[in-house]
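Each of the two blocks below gives one form of the same protein chain as structure tokens; they are labelled structure 1 and structure 2.
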Structure 1
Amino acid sequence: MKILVCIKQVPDLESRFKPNGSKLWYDEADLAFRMNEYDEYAVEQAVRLREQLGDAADVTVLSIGPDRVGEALKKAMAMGCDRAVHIADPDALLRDPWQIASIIASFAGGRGFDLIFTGMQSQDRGSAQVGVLVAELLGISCSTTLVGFACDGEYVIAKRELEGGIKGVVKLRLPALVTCQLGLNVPRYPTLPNIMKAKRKELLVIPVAELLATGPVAATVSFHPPMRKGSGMVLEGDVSTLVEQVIGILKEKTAVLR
């Protein structure tokens, strides 16, 4: 069984975001990048399936982006993916979901993947589109927001998370694509021996120009911080002063402290 996992590298979300020169996206300087959280669940699920199926399975991990995404690909290989494909694209962050999906589909088309895993959304862009679009472009079965997964080699039994915590159970025929939600599993930490092993795994680099054939269908016209509508108070300072201030405010503004 041939398995593909798509991962995106995103900035650490506790960072401060400043608009870049074009004012259409964030400035990358000073940001630390890591694997999109949702994609960690996708990698883990693919690796678990590989462990279940043994050598009958092969897991390729793919990422589109500049050189730095090599780090995320190495992490995925250290978690257990067999090989990596880096689609080298310095402008990946500026592309719309339609273009990203087209690049992935043009790589995957004809390569006979039985199962594709993606995250349900990226944390920085959060469009929740790329996975489903890839499935549509490839004409394969698809379901989203998985919190449960089982596969016997012919069908996938997927548990989708719905609002309020109810789940919908869906049976998909392979080939299929699924998008992974938080909590689907517990992603592993790569061990040192596996990190060493990952260094010897194949990492294929493909220039994006070989795969990209479409322009964007949507344009970002501005990128800006939210307008602060909160009339809330902000307190900073040393802890003991803060504690006294907070107690005072709670006494005044709420009925819970007397």
Structure 2
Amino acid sequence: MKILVCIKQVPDLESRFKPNGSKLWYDEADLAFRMNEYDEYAVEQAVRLREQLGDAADVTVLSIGPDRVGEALKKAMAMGCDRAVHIADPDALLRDPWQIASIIASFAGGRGFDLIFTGMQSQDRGSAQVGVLVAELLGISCSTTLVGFACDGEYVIAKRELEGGIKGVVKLRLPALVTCQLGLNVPRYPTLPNIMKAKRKELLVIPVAELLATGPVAATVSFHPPMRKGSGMVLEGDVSTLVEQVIGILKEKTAVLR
């Protein structure tokens, strides 16, 4: 079974964010980067399936972006992926979901992947569109927001999280694509021996120009932090005193009690 995992490198959410000079994305100068959290679940599930099937399975991990995404690919290989593909694209941050999906589909088409794993969405853009677009472009079945997974080599049994805490179960014939989210598994930490092994695994670099043949269908017009809101007020004391204070503030500063 040939398995493909698509991952993205995103800014660490603990970083301090500010728009860049073009006002179209983050200023990356002071940002730390990591593998997208949802993609970690995808990598873990692919590696677990690889371990289940043994030598009958082969896992390729793919990422699009500048040179720095090599670190995320190395982590995925240290987690257990067999090889990595880096689609070298210094302008990946300007690509819309349609272009990203088109690049992935151009690579995957004709290579005979039986199963493709992606994260539910990326933590920076959060569009949740790339996975389903790849499936549509490849003409394969798709299931999203997985919290449960099983595969017998011919079918995938996918448990999906729906609204209101309800779960749905679907059965997909391979080839198929699934998107993974929190609750599906617990991603492993790469061990030192596996980190050393990852350095010897194949890492293929492909220029994006060889795969990108479509323009964007959506464009970022502006990128800015939310407007600052007025400061809040903290009141302390007995309930009876607080009630009088609140009433006084509402009368003085608002039209609620006028």
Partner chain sequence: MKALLVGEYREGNLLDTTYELFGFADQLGAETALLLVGSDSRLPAWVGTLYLADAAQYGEYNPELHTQLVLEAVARESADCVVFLHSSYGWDLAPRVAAGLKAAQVSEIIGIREEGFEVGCCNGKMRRTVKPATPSCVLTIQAGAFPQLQPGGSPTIIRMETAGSSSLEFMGYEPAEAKELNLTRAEVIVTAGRGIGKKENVPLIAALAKALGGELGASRPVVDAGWVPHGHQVGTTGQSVSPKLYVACGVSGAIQHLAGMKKSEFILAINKDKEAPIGEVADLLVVADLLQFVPALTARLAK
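Here, a residue number simply tells you its place in the sequence of structure 1, counted from 1. Treat the numbers as computed from the prediction; the structure is a model and nothing was measured. Take the two forms, superpose them, and find the largest set of C-alpha atoms that agree within 1.5 Å; that set is the rigid core.
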| field | Answer for which single form is the form predicted in complex with the partner chain | value | 1
| So with the core overlaid, does the Cα of residue 240 end up 2 Å or more away between structures 1 and 2? | yes
| field | between structures 1 and 2, C-alpha offset at residue 251 (rigid core aligned, Å) | value | 21.5
